[in-house]
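Okay, so we've got a single protein chain in two different forms coming up as structure tokens, structure 1 first and structure 2 after it.
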Structure 1
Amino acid sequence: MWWRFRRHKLAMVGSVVVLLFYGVVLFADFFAYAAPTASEAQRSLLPPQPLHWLDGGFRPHVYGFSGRRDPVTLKRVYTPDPAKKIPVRFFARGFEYRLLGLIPADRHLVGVEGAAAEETLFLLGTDEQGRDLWSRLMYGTRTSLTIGLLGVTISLVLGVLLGGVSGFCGGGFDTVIQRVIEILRSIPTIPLWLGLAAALPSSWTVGQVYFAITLIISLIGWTELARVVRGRFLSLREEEFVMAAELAGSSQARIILTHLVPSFSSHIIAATTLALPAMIISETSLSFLGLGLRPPAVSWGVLLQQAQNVQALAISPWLLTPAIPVIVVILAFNFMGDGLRDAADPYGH
């Protein structure tokens, strides 16, 4: 399977991209140079600062901004001032955090010399509250990708367990589980999300809403895998090795987990990989519509909420930047899933 997967170039590229994104998930505090909630009204809607690498040698720097009030719109207009060169340093000190949630640290990938990075460095600009978009994007990546991973894990457990029981035991178990699947699949997805999200109390904390959204997405997404697992179990339960295991006294749980599931584990891996993009899109869509995570939580969908206003988007197009990682990671997961599916196909070449 590995040799066949390696020949799929797009799948290899997609795998590298996915690993890089999950590297950001693990070290989001290190890649961010400003706290995600640090805001300042005077820095509202600052444009991105291009990073300049050379200045009589290798001296990374950005230009400071000069602000003025537009006499027509009365809005602050910022223009780069080449006379204000702000040196950028790598592995600079900044706000304190816990690396991997355990190790106290204050080093960040980039920072500035002699000043607070959140006050002078804006690689992707700022939002309406003056919060740094690059740093919030790092934290949003952590939230959105972990929700996708947790949601797929729960869906995988439910799909394999209920699909296995349905296909292997049959009878009343099969009838009840299949009717539940048909009911869930017949309900339109968006109204179901609306109802479940509206049922969440507004007094819940960010952590409670996070886990509730994860459960909602996973409880909807397990049905597809359960159908696939049921079909495979129906074809495998009459095989000789299953009959031999039954005669040897193995329990049904042992037969399912030890003998049946490993026989098509490659297919489960491929199906899980292809389900991850759907989970990420679900969370992003819910949060974008205001039905999922809500501020002060930070996710891709929450970041894109400010891009709903067309007028604000025309003035500040960088507010749409969080859509780029969504597109990139979805494509990467799809390429990787296609490669895994082709590599796991026993009839492929």
Structure 2
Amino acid sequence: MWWRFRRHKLAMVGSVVVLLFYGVVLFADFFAYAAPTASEAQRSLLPPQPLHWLDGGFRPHVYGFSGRRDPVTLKRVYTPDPAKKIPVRFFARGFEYRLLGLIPADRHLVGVEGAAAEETLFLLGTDEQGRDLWSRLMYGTRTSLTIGLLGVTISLVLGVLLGGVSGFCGGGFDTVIQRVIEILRSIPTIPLWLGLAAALPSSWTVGQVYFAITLIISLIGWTELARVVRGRFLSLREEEFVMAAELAGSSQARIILTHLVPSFSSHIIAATTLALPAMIISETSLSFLGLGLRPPAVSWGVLLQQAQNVQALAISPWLLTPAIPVIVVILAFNFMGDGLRDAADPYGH
């Protein structure tokens, strides 16, 4: 299967991108250079600072800026100051964190020489509260992608369990589960999610809301996986090796776990990969509407919430940047999933 997958170029590119993103998930603190909550009204809605690479040799730097309030529009205006060069260094020291939650560290991918990066460096600009968008994007990636992964895991357990029962036992079970799936799929999901999400008590902590949202998303997400698993069960049940195992006296559980599941695990992996983007979009949509994760949690949806209306977009278009990783990661997952599916089932199409 691996060899067939390797031949699929787009899928390989997709997988590399996905791996990179999960690298960010693991080392978000390293890639960020400012704490996600570090805010400062004095630098609200600062536009991105372009990074200059050369200054008589390889010396990456950004320009300093001076901000003042426009007397007519009352909006803060920033002018870059080319005389004030802020040297940018790689692997510089910054705020302290724990690598992977264990190892104390203070190195970051980028930093500023001789000054705190939080105060001077804003590669992607800042939001209304003056928080650095790049750093928040890194932390948002961590939240959004782990929610996707967790949600898909719950869906997978539900899908394999219910789809397996449905396909293997058939009969009444099958009918009931199939009807439930059909009903769930014919209800518009967003209103339903919104209703459920809005009912979460506002006193809940960030962690509780996180798990609740994940659960709400996966309540719908399992149907597609269950369909795939059931389909595989139905076709495999008739195979000779299953009958052979039955005649040899294997128990049902043994047949399912040691004979059936391994023979369609590749399909499940493919279906799971294809289900992940939907999870990520769901979380992003819910948070975007303000009913998903709530600040101080940072996720792509929470970040995009600030770009919700034309006025905000017109003044500060850089608030739309979190849309880019969403699109890229969804494309990557789709390519990877397509490749996996083709590799798992070369005659499937």
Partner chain sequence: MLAYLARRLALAVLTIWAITVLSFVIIKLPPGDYITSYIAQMSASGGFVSEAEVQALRREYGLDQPGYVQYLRWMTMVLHGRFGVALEWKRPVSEVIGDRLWLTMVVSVAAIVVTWALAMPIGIYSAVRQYSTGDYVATFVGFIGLAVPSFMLALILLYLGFKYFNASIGGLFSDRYAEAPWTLAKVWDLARHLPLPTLILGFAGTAQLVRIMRANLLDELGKPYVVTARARGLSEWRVILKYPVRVALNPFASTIGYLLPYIVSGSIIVSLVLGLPTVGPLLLRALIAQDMFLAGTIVLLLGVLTVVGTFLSDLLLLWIDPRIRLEGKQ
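As the structure is a prediction and not an experimental result, all values here were calculated from the model. Here, residue number means position along structure 1's sequence, counting from 1. For the two forms, the rigid core is made up of the largest set of C-alpha atoms that agree within 1.5 Å on superposition.
Working note: structure 2 is the copy from the form predicted in complex with the partner chain; the remaining copy is not.
Once both forms are fitted on their core, a CA shift of 2 Å or more is seen for G67 between the two structures.
After superposing the rigid core, the Cα of R254 is displaced by 2 Å or more between the two structures. In the core-superposed comparison between the two structures, the C-alpha atom of A244 has shifted by at least 2 angstroms.
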